[in-house]
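Consider the single chain below, provided in structure tokens and representing the form predicted alone.
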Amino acid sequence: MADAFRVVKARGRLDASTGVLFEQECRSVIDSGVSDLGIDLSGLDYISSAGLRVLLVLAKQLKTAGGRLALYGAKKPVQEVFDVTGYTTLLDVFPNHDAAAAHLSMR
């Protein structure tokens, strides 16, 4: 069964210099009519506060449109940033694709 959501892969660094392009990529997907978006963080090595802001903005945009954002696959250093900053209470963060897919399939 195909996923009922679209996946965007984050790679390398998500910070002030890369966040704008990543946000544009995700907004392009959302603007194409996608309501539920999964972001695969398994290729992400670093995330800054600017990167966290991008994810929060995307989650709010999707929520306003009746959709949802699910983040998954974060490596330990990136997951620790989510934990320390408290973003795990603001965003839906899952250990893997299957857990994110299960969450997004529930309405």
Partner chain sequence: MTTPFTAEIRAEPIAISALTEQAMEYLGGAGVDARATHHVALVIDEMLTNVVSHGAAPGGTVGVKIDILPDRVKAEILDPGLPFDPRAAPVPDLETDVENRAIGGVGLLLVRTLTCELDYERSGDRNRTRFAVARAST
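Residue numbers count along the first chain shown, from 1. What you see is a predicted model; the values in this text were computed from it and never measured.
Quick note: we don't show the form predicted in complex with its partner chain, though the next part is all about it.
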Practice prompt. Scan P77, G66, G33, G43 and let me know which has any heavy atom within 4.5 Å of its partner chain in the model of the complex.
Written response: P77
Practice prompt. Give a yes or no on whether every one of K9, A70 and A102 sits within 4.5 angstroms of its partner chain in the model of the complex by heavy atom.
Written response: no
Fill in: R13 within 4.5 Å of its partner chain in the model of the complex, heavy atoms
yes
Fill in: Contact label in the model of the complex: S49 to its partner chain, heavy atom within 4.5 Å
yes
Worksheet item: With the partner left out of view, is Q24 within 4.5 angstroms of its partner chain in the model of the complex by any non-hydrogen atom?
Response: no
Fill in: Distance check, V29 to its partner chain in the model of the complex, heavy atom within 4.5 Å
no
